[in-house]
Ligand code: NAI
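Next up is one chain by itself, shown in structure tokens, the form predicted alone.
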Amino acid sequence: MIIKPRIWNNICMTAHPLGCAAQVRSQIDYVKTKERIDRSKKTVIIGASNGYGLAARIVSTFNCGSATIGVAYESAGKDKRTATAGWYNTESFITEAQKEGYPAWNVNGDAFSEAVKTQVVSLIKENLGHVDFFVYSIAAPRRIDPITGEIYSSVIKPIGEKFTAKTVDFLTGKVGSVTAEPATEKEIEQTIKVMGGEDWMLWIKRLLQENLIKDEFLTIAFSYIGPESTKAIYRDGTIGRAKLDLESKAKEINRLIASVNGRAIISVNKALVTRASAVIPAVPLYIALLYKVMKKKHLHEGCIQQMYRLYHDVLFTGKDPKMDSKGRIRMDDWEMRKDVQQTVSELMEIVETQNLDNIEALGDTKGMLEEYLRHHGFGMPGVDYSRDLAPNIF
């Protein structure tokens, strides 16, 4: 079949296998040109199929030389339906790692489940012996409690009052308005259960119980704060509550792994167009303006650039990483620079007051769309998109 992007409500329903393979190789090519980092030799990545998780795995392997186990929950292709982008990404990663002799294993399944934890533990025991570095990078719509079997569902909603703001459809460049109703207490609690730090801590407890954590073990999870314009829907909303829980769990994990001189860290990362952020109300408009400003100032980073800088400049320097007042690494430092945020705020006011139908002159909707499509394997240089392919090629 000829595979084309099919997008519904800012969600891409298709993925291109050769395009996904090309974008994985492009990230690999980037880190191979950078200065080598002598750390992270036995790594587990939870949420390894897209975005920051995939980028972390690529830096770990193709720059640090690490053996990796990557966990993701993706769907394979069928005769008339493409696989998810994450499936193609993880299969392409394994192919590239094997070519260069790097040990790598994929685990496809629900990372919240005991079955997947047991499978990962077995792989570690059989192939690695222990884990040096554990990356937790999950964005999930739901979670099944491994003990009670209860199903929790996450929502992206404000808390207390409804939220109304301008947003942009980056497919068309049209600016419109979006309103989100406030979350119920049950929705808040369930979002924390899915997107908070409980499962991260369960993973670390399991590794400790199995004696798979050694001296100077490091684990990291990713968070986000963002600007005032998205605060009500993000940081002060349901997702923000979950991120607060994630950050509080880092302190508990630090106490758990103190006996092995381990460390748990939260990295607050930059806003990027991902499969998750594309559907958060108001966030696409902010990102469109942010991209325009940061590219003009030569500060823009994609996932792979951000992860390499995190590893090279912060995590593995031989020194204690610089933290903010709440003990977090701030990889959003360039995004939150005063001059960047001031310019973005000025552009946001223009959009508000002029009610523009098309913001291409102010924001980088074209760049957003290109980046979003690349996450699904479309628009990659050198790929023949007119080629007839079987969706289950991998």
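These numbers were taken from a predicted model, which means no experiment stands behind them. Start at 1 and count along the sequence shown; that's the residue number.
We do not show the form predicted together with the ligand, though everything after this point is about it.
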Could you tell me which of 47-55, 343-351, 28-36, 361-369 sits within 4.5 Å of the ligand in the model of the complex, going by non-hydrogen atoms?
47-55
In the model of the complex, the one of Lys249, Lys270, Lys292, Lys117 near the ligand [non-hydrogen atom within 4.5 angstroms]
Lys270
Selected contact from Phe133, Trp200, Tyr234, Tyr311, since only one has a non-hydrogen atom within 4.5 angstroms of the ligand in the model of the complex:
Tyr234
Using heavy atoms and a 4.5 Å limit, would one call Phe222 a contact residue for the ligand in the model of the complex?
yes
Partner contact for Met195 in the model of the complex: the ligand, 4.5 angstroms, heavy atom
yes
Given that the partner is absent here, does Asp145 sit within 4.5 Å of the ligand in the model of the complex, heavy atoms only?
no
Non-hydrogen atom contact Phe93 with the ligand in the model of the complex at 4.5 angstroms:
no
Are there residues in 110-136 with a heavy atom within 4.5 Å of the ligand in the model of the complex, and which are they, in order?
Asp110, Ala111, Phe112
